[in-house]
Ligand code: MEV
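Quick setup: one chain, the form predicted on its own, written in structure tokens, and binding and motion questions come after.
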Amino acid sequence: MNSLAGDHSMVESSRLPGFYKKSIEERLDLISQLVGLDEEEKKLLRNLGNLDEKIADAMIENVIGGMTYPFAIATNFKINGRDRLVAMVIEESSVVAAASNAAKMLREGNGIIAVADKQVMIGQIHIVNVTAPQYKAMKILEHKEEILDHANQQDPVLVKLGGGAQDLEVRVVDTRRGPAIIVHLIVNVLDAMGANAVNTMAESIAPLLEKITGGEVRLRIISNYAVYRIARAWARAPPEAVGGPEVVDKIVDASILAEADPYRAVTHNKGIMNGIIAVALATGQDHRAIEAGAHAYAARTGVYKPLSYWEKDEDGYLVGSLELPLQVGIIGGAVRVHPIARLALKIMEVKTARDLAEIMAAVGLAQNLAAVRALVTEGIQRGHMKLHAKNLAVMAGATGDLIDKVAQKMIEDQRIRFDYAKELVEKLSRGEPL
């Protein structure tokens, strides 16, 4: 029976003093006692997959086990004239197959062209309780070089490599509690995502800004609206590659609808993010920051818009373009801690953060094409449900070759449901033919 909100919890208290000090096994034992996990369930959690126990325990707090997602390779990608294998981690059926299929459609010429800006991030410092805020904003700019120099003293290695704090922007904004000054510290973070470097710099210059303005600094943190870190991708496909001139027109119509209707634009962009986030997960990126920045960028005009556009050129070719901020890194963070993230970068032959951003933008464009094309032709469910049938077969208890047999029978009968999968598995277990 499913638990209801009014049911009494097995847990007497979630207050667990010293829980963080315990080993993974000790934590698991305690949680097992509190919620009644059996040995089989504990065994499942103990499986950390390809992650070392010490690394898992260091990455986040209060670890009691692991959870594994499939690691896949999307094929057929040609990006900037170069064939690339793309690592993807995702739980949703059909995403990898769809990306691979669309990449094949976009292989003509140099394939998908992608270009990423410099790896520049914004550190925000918010100053309140300032008298004459417009004048004080100018005083901040007057001390610009001093402020930048102070920020760069926090990370001499980054500066030596050609990065560091490079510019300053100052705005006065109206809030419910009066005017506030917002200072943007513009930092080139090179091949890092940049959060640690930027946050350290932002915190370091706060006392100096308080001295200059006479105000009080509140927030000192990176902005995940990475408007100086834009990645773009564009591609061209002959009509026959996507199903003919009629399909080209239908894809263009679907794109136009996303431009006009935010309800459609959100789902249009979700298809883009299916591909981008799958690559982000495979390479240990901060996918929450990527997602937040992308959707903010989609709404930058005040109306939520698609991140990609599909048009028909003078030759009747389908042409697509994509633009969004991508804050990614190949040094620091999970990407350097998790061995599979490093392996993903090796498989994709990624050497710089810009290279990774370009691959992700290309994948987002291809993923979007696959989704829109499916919608205007056979519908999204046909391909999706074929793959979903295998998931249902596994859930129903099928193993080995029986998974494909059960899935195929459900597809043939057009009854892709868990109850039918269970019925088929039970038949096979009794030795009955399907």
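Don't overthink the numbering: it's just position in the shown sequence, from 1. In this text, all values refer to a predicted model and were calculated from it rather than measured experimentally.
One more form of this protein should be noted, the form predicted together with the named molecule, which is absent from this view; the next part is about it.
Residues with any non-hydrogen atom within 4.5 angstroms of the named molecule in the predicted bound form fall in just one of 322-330, 110-118, 166-174, 265-273: 265-273.
For the residues I64, A371, A398, A389, the 4.5 Å heavy atom test against the named molecule in the predicted bound form is passed only by A371. With the partner omitted here, the residue from D313, D83, E92, E142 that has a non-hydrogen atom within 4.5 angstroms of the named molecule in the predicted bound form is E92. In the predicted bound form, at least one heavy atom of L375 sits within 4.5 Å of a heavy atom of the named molecule.
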